[in-house]
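Shown below, as structure tokens, is a lone chain in the form predicted alone; questions about how it binds or moves come after it.
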């Protein structure tokens, strides 16, 4: 992990610094004195070409910009192997000079206002440091405007105060409370209401005190084990909690006696005597008196990192780090040329797998016609390299066959290495596979449908599907935020009526998005839900009808549609469970979505092929034909791309299996962490 980064002038003035751990100033002083002034120690070349300097237990690597007189220094512990430091130095150098170069070149400039550089540097570190040494943002030594994860459904009202020691409101534990007493005393705060199954439990604690069951208190400051023992001894006669229930028999170990339910409080002590109580830690659906204050606590989202606005006012997503990639690519060209020169005088086979692959081609003389025997062994190495990038075997085999077809019986150009020939061929094959064959301009389609161009105006319906735990609800909220930036009215539909907490999760997202949209004055968002246990297809159909404003009109209603876009969440399901998968057919026919996006995580590996095919084949129309011209779905959203580094083979595997393009990439847990697919970026990662 990175311990510190400093930007200083050649005269020793520090323009900007960021320390993640306390670092002695003598480190930088020693670097300037020993290397730049007295030249006692010559800078050692790093593994990637950046000079390095070791002092105590730290390694300092730097790069310089002579035209503006700056030195960029990265500090980390010598025991760590941080291969991305070279890229960080290059990117920081390029972006910092671009932002402050003209000001630094002005005469008599001694100080530069670098307050706006903090978020840019944080984004670069998050972008480049994707390995196990990645440091959490809360350990940063200096202050800066960093994005925070939206508050969860368990967040309390006192968001500005630190969380207290886990000791909630305690009841007196002396005498077990009977159920008759709870029902009879309607004014008691311990009363437990009868649950209403037709309504879902709301999202946040604190609004409905009469619905809360508080834990029983423990005996002072005794140890956890002793408090357990005292509780068990005191409550032994009433351990099951259902002695008063009819038909209960306590005689000598009767086999018909069922084991009573038992709950535990935060201190690990058993809570007895209220087995039938409802644990309701959520708030009512209607906003409470303090909901406005809680909404104002939602962290700001930096939309400039997510995208930019066009001349027509549309908010367009950025491709994934295209500017940073351009800087890194331009800086790597001189290094590649020097490596090529060194390799011509080297021994042949290199250390890495990709280098061994290309070294096999260097033995082929330029101007020779390539035969199948010439390509057989190198293509096997190529396939192994793709498998190491998380590409499914059948997709890797298809790519190698495409390269073989492209190069077989082809004559290599004179003075052109076979390395560049095979890289060009594989780049073409990957580009053909990942490039969509139809338009992915989602904003244009939404505008066309909602404005009634060529047909009556209606809401644009998008459905999100996928297996369990891939991030469907999170990516749905990111798409909602993107649509809100384009001033659309969004209706989020809680179609996951099975998983506990799914409705509450979406309610928290909608609450946060609503606060952000009101703060920025863009669009509006609301939640449509009918609780748990309902048929998801029926809920989706009713939501579309509600957004279209069919049926009864509200007082003073104009009869126009209420929402522009309907985003439907669905329950996660295993792709190999035919019983769960078959319900998607009914869902697709009743909801009739314009787009069906499947969320697949970048970590899934080779199982992504089966997942994509099984989900795609379930979306058929009433005539039994696959929708969207026979492919079933409309696009993929690949989540958790920020966790896999350059192992982005899931993109290739899922597109190979179905022919369905990748529409969005999830690169974090914030609402602004949504990007479009840059095919060049993906190809570069796979060929790296």
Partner chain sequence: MTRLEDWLTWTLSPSISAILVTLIFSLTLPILIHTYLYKRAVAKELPTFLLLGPSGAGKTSLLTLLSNGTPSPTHTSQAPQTATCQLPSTTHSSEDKYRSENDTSSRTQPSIHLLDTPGHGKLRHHAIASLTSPTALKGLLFVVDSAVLSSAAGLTETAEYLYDVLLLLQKRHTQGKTSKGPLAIPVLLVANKQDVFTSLPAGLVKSKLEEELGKVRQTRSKGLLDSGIGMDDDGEADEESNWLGEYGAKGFKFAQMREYGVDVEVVGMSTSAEGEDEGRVHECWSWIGANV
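Computed from a predicted structure; not experimentally measured. The term rigid core refers to the maximal set of C-alpha atoms that superpose within 1.5 Å between the two forms. Positions refer to the first chain, counted from 1.
Beyond the structure shown, there is the form predicted together with the partner chain, which is absent from this document and is the topic of what follows.
Student: To verify the annotation, which of these, 561, 443, 522, 387, has a non-hydrogen atom within 4.5 Å of the partner chain in the predicted complex?
Tutor: Flagged contact: 443.
Student: Does at least one non-hydrogen atom of residue 20 fall within 4.5 angstroms of the partner chain in the predicted complex?
Tutor: No, residue 20 sits far enough from the partner chain in the predicted complex that none of its heavy atoms falls within 4.5 Å.
Student: Considering only heavy atoms, tell me if residue 29 and the partner chain come within 4.5 Å of each other in the predicted complex.
Tutor: Judged by the heavy-atom cut-off of 4.5 Å, residue 29 is in contact with the partner chain in the predicted complex.
Student: Would residue 670 count as touching the partner chain in the predicted complex under a 4.5 Å heavy atom rule?
Tutor: No - in the predicted complex, heavy atoms of residue 670 and the partner chain never come within 4.5 Å of each other.
Student: Using a 4.5 Å heavy atom cut-off, state whether residue 111 contacts the partner chain in the predicted complex.
Tutor: Answer yes; at least one heavy atom of residue 111 falls within 4.5 Å of the partner chain in the predicted complex.
Student: Verify the flagged residues 5, 635 and 658 against the partner chain in the predicted complex: is each one within 4.5 Å by a non-hydrogen atom?
Tutor: No: no residue has a heavy atom within 4.5 Å of the partner.
Student: Thinking of the partner chain in the predicted complex, which stretch from 529-537, 402-410, 481-489, 589-597 has heavy atoms inside 4.5 Å of it?
Tutor: The contacting stretch here is 481-489.
Student: Going by the partner chain in the predicted complex, which residues of 670-688 come within 4.5 Å of it through any heavy atom?
Tutor: The stretch touches the partner through 674, 675, 676, 677, 678, 681.
Student: Rigid core superposed, CA of residue 627 - does it shift 2 Å or more between this form and the one not shown?
Tutor: After core superposition, the displacement of the residue 627 C-alpha between this form and the one not shown stays below 2 Å, so no.
Student: Quick one: core overlaid, is residue 32 moving 2 Å or more at the Cα between this form and the one not shown?
Tutor: Comparing forms between this form and the one not shown, the residue 32 CA shifts at least 2 Å.
Student: Given a superposition on the rigid core, I'd like a yes or no on whether residue 682 shifts its C-alpha by 2 Å or more between this form and the one not shown.
Tutor: No, its C-alpha moves less than 2 Å.
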